[in-house]
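As structure tokens, one chain now follows by itself in the form predicted on its own.
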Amino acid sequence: MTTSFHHYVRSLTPMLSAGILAADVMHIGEEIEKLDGTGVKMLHFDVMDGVFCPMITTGPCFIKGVKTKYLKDVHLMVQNPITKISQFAEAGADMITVHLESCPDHIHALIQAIKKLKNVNSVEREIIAGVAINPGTPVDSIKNVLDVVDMITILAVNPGWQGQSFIKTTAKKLQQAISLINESERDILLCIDGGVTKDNIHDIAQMAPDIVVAGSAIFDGKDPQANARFLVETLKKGKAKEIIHET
């Protein structure tokens, strides 16, 4: 069943989720303020544990410490996420995405566990539960969670390595995911994460994602506000994905 909060997020799409770890975290409040008036509605938090992928980034204390009007989109690239999801819910996550590769045998139960968590930002919101797949993982692998998942994230780079370019086969994977979503007859959000730049945002918009994650394309040390506005406006001009809504 599609909830009112899910409908609200759907109404914002196509939308940009701003990866704030690319910002100056020592002045995070000021950096987030630069997004005001740009059309950005969501902040993206990449959580890496140095085990699931090479980098170590941040955790629930940092996420909780970010006081903001924006929705909090938390992407867990960690081992054994089932033991950690409640901490991120308590930190204020509006969306929690876990990797299929982190627990392939129990991903269905993990998604269900996320959906049972309380959203501390509002009693009227649930937490949107997402599943992400790495570039080397076939899209068909998500078939078994289409009955419960709220969002699918296709990674366009390998997690945990810097300086990567957008993987060209992502476009084909997006089309495969759209087909699966339409076959499911559920309103599942579709997200692209990684390798997004101002040079390729037009092409990405034509792939018809609902949500696009961008970090360094916004926070480049020059003009985050102009960058974010450009990315948002380009996405809004993109072709909308045909979705078969739940009845």
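In this text, residue numbers run from 1 along the sequence as written. These numbers were taken from a predicted model, which means no experiment stands behind them.
The next section is about a form of this same protein that is not shown, the form predicted together with a small molecule.
Checking S122, Q175, N80, Q162 for any heavy atom within 4.5 Å of the small molecule in the model of the complex turns up a single hit: Q162.
Only one of the listed residues (S216, N200, T58, N182) places a non-hydrogen atom within 4.5 angstroms of the small molecule in the model of the complex, and that residue is S216. Stretch-level contact analysis of 203-211, 63-71, 189-197, 30-38 against the small molecule in the model of the complex, using heavy atoms and a 4.5 Å limit, identifies 189-197. Though the partner is left out of this view, N158 does reach within 4.5 Å of the small molecule in the model of the complex, counting heavy atoms only. Though the partner is left out of this view, M42 does not reach within 4.5 Å of the small molecule in the model of the complex, counting heavy atoms only.
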